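What follows is one chain in structure tokens, specifically the form predicted alone.
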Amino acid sequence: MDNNYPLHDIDYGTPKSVSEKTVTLEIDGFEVTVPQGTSLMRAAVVAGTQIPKLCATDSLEPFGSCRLCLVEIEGRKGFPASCTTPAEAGMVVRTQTPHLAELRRGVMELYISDHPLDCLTCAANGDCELQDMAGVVGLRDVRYGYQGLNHLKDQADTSNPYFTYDPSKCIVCNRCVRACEETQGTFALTISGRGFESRVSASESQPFMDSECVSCGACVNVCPTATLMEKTVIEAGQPDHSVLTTCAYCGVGCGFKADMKGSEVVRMTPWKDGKANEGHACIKGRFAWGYATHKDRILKPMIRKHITDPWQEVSWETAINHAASEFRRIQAESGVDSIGGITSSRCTNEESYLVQKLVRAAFRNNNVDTCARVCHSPTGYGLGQTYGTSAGTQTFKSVEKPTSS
């Protein structure tokens, strides 16, 4: 099966509404029906229109700070932000008009007037939302010049081993701060200062490595510029394709996109449709993937008859037959109860079922257990009391809709 995947997923701008009620409205002359509570920005994407945006992304709650996603609503004054305006039945919305185009160019002009113009040598070149939006709104000149107060000489923080923070490229969209709060829950980032002095800072202006940052990469994942950038991308350049995979560190099963250049992994990006992680990851899955190409990585099955013997590479068939014969030998020598099986608490229900079936049907005993029975008994009790079920192998979505106890 070809598991190549697009480098960039469709970004709907705001999270999906779970309402069962729907509303029908008109956007740029097209009728669209969406769940009640859906933002105009997301409704426009459903209708096939991408409204320019910088502070909005569908993994975070709407914020309405960049003022790039303004729209016109028939019968209403002003130009509301589409990310924070819910769709209503009968609305007539226009996302592209000469007046909106002028407003958006003006907003973008202000951003670019305090941003380095080093696109050709920037690590985010080709993967920069600010660059993309400047092109989308048709910005061709900046009337304000680049003299006077600016942040172009702000020093980068390279203290984190996995990513850099370059405040000279920050547009203070707040995405990283919100991701640290909403996605990770660490609250390591904040906006320090006011007005012109506003800048993202980690734990009262400390370097990232001296802060409460846990290097989960949620902030890097949502940054629309090169302000927060993986060091592997800075060194290797932008990837050219992605492959869907599963993190190999533990049994949770987090879905990832391995962003590649040819056969070289450039970065690991948590997959937004991963059922176990929904676009988030821990430090190991996000950054510690060097094992994928490590010289000591074992790529083929190996066997040895005695601990003193050297390992020998064999086929999978040979390896499986060897394991089966050893199981039979041990039982012949020490009795049918001499072997058994145990599963991790992070195995799926299906995996645990297969292990117990192997033990009972093939090993012919009942020596089977799971870590979940012992170390996760408090987890099961807590889930049962809170959500009405003790099942721990659930997706996020199933927990969001608890059953009655």
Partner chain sequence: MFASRLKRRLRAGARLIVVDPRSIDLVSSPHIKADYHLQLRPGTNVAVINALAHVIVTEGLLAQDFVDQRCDVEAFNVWREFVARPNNSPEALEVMTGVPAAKIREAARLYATGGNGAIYYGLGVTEHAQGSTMVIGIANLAMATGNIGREGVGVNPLRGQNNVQGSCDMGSFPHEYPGYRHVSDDATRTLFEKDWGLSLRKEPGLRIPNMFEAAMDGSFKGLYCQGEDIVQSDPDTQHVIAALETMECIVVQDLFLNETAKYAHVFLPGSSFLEKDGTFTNAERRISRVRKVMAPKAGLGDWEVTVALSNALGYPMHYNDPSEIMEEVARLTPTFAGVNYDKLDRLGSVQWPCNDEMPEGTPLMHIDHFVRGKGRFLITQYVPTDEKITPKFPLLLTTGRILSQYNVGAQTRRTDNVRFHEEDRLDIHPQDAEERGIHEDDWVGISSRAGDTVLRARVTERMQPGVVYTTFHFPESGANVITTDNSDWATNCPEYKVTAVQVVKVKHSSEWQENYRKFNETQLRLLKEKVVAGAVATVNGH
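In this text, rigid core is short for the largest set of C-alphas that superpose within 1.5 Å between two forms. Model, not experiment: these values are computed from the prediction. Positions refer to the first chain, counted from 1.
Keep in mind that the form predicted in complex with its partner chain is missing from the display, and what follows is about it.
The candidate site formed by T33, V46 and K169 is entirely out of contact with its partner chain in the model of the complex, as no residue has a non-hydrogen atom within 4.5 angstroms of it. Using a 4.5 angstroms threshold between heavy atoms, G382 counts as touching its partner chain in the model of the complex. At least one heavy atom of E351 is located within 4.5 Å of its partner chain in the model of the complex. Of the heavy atoms in L117, none are within 4.5 Å of its partner chain in the model of the complex. Not displayed here, its partner chain is kept clear of T121 by more than 4.5 Å at the level of heavy atoms in the model of the complex. Out of the listed residues G138, G75, P98, P310, P310 is the one that sits within 4.5 Å of its partner chain in the model of the complex by at least one heavy atom. Contacts of stretch 150-166 with its partner chain in the model of the complex, defined by any heavy atom lying within 4.5 Å, are made by S159, N160, P161, Y162, listed in sequence order. Superposition of the core reveals a Cα shift of 2 Å or more for R328 between the shown form and the other one. Once both forms are fitted on their rigid core, the CA atom of S345 lies 2 Å or more apart between the shown form and the other one. Once the rigid core is used as the reference frame, the Cα position of A47 differs between the shown form and the other one by less than 2 Å.
Three angstroms is the minimum change: in the model of the complex, the CA atoms of V266 and R346 sit closer than in this structure, by 3 Å or more. In the model of the complex, the CA atoms of N349 and G285 draw together by 3 angstroms or more relative to this form.
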